[in-house]
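Given next, in structure tokens, is a single chain: the form predicted alone.
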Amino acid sequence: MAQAREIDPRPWYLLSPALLAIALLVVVPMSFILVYSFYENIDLGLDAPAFQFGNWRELLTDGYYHDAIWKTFRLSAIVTVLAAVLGYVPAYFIANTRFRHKWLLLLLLILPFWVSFIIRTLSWIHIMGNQGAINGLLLWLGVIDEPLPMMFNEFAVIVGFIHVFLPYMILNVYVSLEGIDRNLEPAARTLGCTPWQAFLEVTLPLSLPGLAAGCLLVFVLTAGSYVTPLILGGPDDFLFGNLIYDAVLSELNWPMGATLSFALLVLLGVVVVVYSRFMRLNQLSKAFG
């Protein structure tokens, strides 16, 4: 009779610090949020423990929240597509440049991370505002007679998101391109491919894991943001994160804020699961690595 195979506990010893950190920093806080979503808000800032589904019922039946979810996902998709198109070219340039000090280009790419997220977002007011640099230049040149309305609308929100999240896309695509064998594209050209065909048939398919990882990262970060719409958007340019912000800080309705937070977590989790199923999670993990 064959003996049962013993499980080596040493890998679990090595994983235990990471598992403990995940449990304490992710699982436990999210469990508290889930439990708090069933509490009842009695008055402004006053909550009572109760097992009731009023918050969830309001979320599922109120069209206001449905519109916010649709707007969040639509805007996140737009930002992701634009970031992918705009980010691939500089990533390709950095990966294939003959410049000896490539580290300097990467330093310039991550340099914006040294500046506060809020300050970078506020800077667009001085660029696209009525008294900003763009309108000031166009008025001085006589191209326009009055300032263009470029601020406090969806366009400004998209510009702000791309400005903040574009480096994430470039870095992911760059890592994927850097791992491609430099001899593959010249080999394709020797077999009769034009430079454009060699790019489409060789470089682009091999860089898709990095592009897919960048798209997923930008989409999730955009969907969970609230500062950029708060600063650059108008009254109707709110995202789902802004509803969470209002529920917790403005209305002091923490049970509803917990409900919205957990709902957003579930929605983004579904996006990640579906995305990884079609794009292969192992390829995404390689790109992130």
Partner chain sequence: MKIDSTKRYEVLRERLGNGDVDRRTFFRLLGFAGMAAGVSGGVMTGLSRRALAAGTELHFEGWGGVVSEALRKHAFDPYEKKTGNTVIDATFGGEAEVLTKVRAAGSTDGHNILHSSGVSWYKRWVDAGYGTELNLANIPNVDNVMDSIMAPFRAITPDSLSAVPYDYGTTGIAYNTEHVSREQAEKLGADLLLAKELKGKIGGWGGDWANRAWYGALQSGQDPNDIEDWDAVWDKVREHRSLVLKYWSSGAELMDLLAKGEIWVTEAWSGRVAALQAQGHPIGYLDPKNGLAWMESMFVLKGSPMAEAEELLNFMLDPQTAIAVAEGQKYPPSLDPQKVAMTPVIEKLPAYDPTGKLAGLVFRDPDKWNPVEKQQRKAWNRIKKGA
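Numbering follows the first chain given and starts at 1. Computed from a prediction, not measured in an experiment: that's the story for all the values here.
Below, we refer to the form predicted in complex with the partner chain, which is not included among the displayed structures.
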{"item": "Contact flag, L105 vs the partner chain in the predicted complex, heavy atom cut 4.5 Å", "value": "no"}
{"item": "4.5 angstroms heavy atom contact with the partner chain in the predicted complex for Q52", "value": "no"}
{"item": "Heavy atom of F152 within 4.5 Å of the partner chain in the predicted complex", "value": "yes"}
{"item": "Partner proximity in the predicted complex: S250 to the partner chain, non-hydrogen atom cutoff 4.5 Å", "value": "yes"}
{"item": "Contacting member of A263, V220, L230, I69, with respect to the partner chain in the predicted complex [4.5 Å, heavy atom]", "value": "L230"}
{"item": "A198, I162, L171, I125 - the one with a heavy atom within 4.5 Å of the partner chain in the predicted complex", "value": "I125"}
{"item": "Residues from 95-115 in contact with the partner chain (non-hydrogen atom within 4.5 Å) in the predicted complex", "value": "none"}
